[in-house]
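Presented as structure tokens, the chain that follows is alone, the form predicted on its own.
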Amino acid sequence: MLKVNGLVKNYGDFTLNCTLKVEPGQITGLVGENGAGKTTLFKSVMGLISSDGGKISLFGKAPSELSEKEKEKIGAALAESGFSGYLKIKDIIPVLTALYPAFDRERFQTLCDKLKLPLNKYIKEFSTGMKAKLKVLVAVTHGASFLLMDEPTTGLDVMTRNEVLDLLRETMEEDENRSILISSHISSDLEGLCDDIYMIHEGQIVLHEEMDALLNEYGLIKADEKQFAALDKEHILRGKKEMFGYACLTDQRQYYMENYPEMVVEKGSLDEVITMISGGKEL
């Protein structure tokens, strides 16, 4: 569906240089701290900014080569996108109908009611959560095959986040070949949603893993100085010096549980993996 090969974008002292792909029928997550390059990557995929090198292939073509019909197959909810606050939802329905031949007006209105988005209220009067839901709703109701979601749940309460995530799950169930690339600072959202995950750090992809493998096979070892000295470090990805000794990230949790029963080997979370990959060191 999407292939990004050696994409380069230079911004003074910052350079984005990354490679990733999104398979048909999968939800791929992208995590990284602010300024890591996520939004630059998303804008490049959308053809909103030019790159300084590398290739992007969406539906088998560069973004600039997509036909109007192919562009209609892209649904995007970007951080900077939105509608004028002086419009009402009922005002944008004719626009969406004209822009997207596959726009499902009936489903859109049904979901507006389900998500408590009033058709006759000015968008400027919407809460942050209502605006977020509207952006996602517009992206998923015109038959898009590829969805690009740039932090769609940022700033939302738990209930609203769950509504947005459920909407994305329902959208995926409608088409087995549909794909989503989604970024988020809320790791629990991605843990329960994504098939695989990429981590970007200072413009570079530093980790790509299937979500099931990350949650089941990654672990955090806590060892004192003596234990660390005797530790087989073959499967240690990163480590950090702590007051008690060392915290070590591994992708072979079971190996260390079986061979070092005296050590604490905790199941890794996405947050812990992100922290260790970005802040730890090779040992």
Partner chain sequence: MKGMLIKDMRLLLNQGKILFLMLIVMAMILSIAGMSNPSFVVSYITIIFSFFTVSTVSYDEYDNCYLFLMTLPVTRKGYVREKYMFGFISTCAAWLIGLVIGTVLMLAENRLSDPLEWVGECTVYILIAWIFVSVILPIRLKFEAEKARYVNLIMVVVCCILIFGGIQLAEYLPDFIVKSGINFLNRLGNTGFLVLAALITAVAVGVSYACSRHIMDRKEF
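Residue numbers count along the first chain shown, from 1. No experiment lies behind these values; they were computed from the predicted model shown.
Heads up, the form predicted in complex with the partner chain isn't pictured, but that's what we're talking about next.
At the 4.5 Å threshold, heavy atoms of residue 43 reach the partner chain in the predicted complex. The partner chain is not shown here, and in the predicted complex it never comes within 4.5 Å of any heavy atom of residue 21. Using a 4.5 angstroms threshold between heavy atoms, residue 172 stays clear of the partner chain in the predicted complex.
Shown alone here, residue 159 lies farther than 4.5 Å from the partner chain in the predicted complex, counting heavy atoms only.
Of the candidate stretches 202-210, 159-167, 90-98, 180-188, only 90-98 has residues whose heavy atoms lie within 4.5 Å of the partner chain in the predicted complex. Note on contacts: among 137, 193, 78, 130, the single residue with a heavy atom within 4.5 Å of the partner chain in the predicted complex is 78. For the residues 225, 258, 68, 234, the 4.5 Å heavy atom test against the partner chain in the predicted complex is passed only by 68. With contact defined as any non-hydrogen atom lying within 4.5 angstroms of the partner chain in the predicted complex, 9 is the only contacting residue in 1-20.
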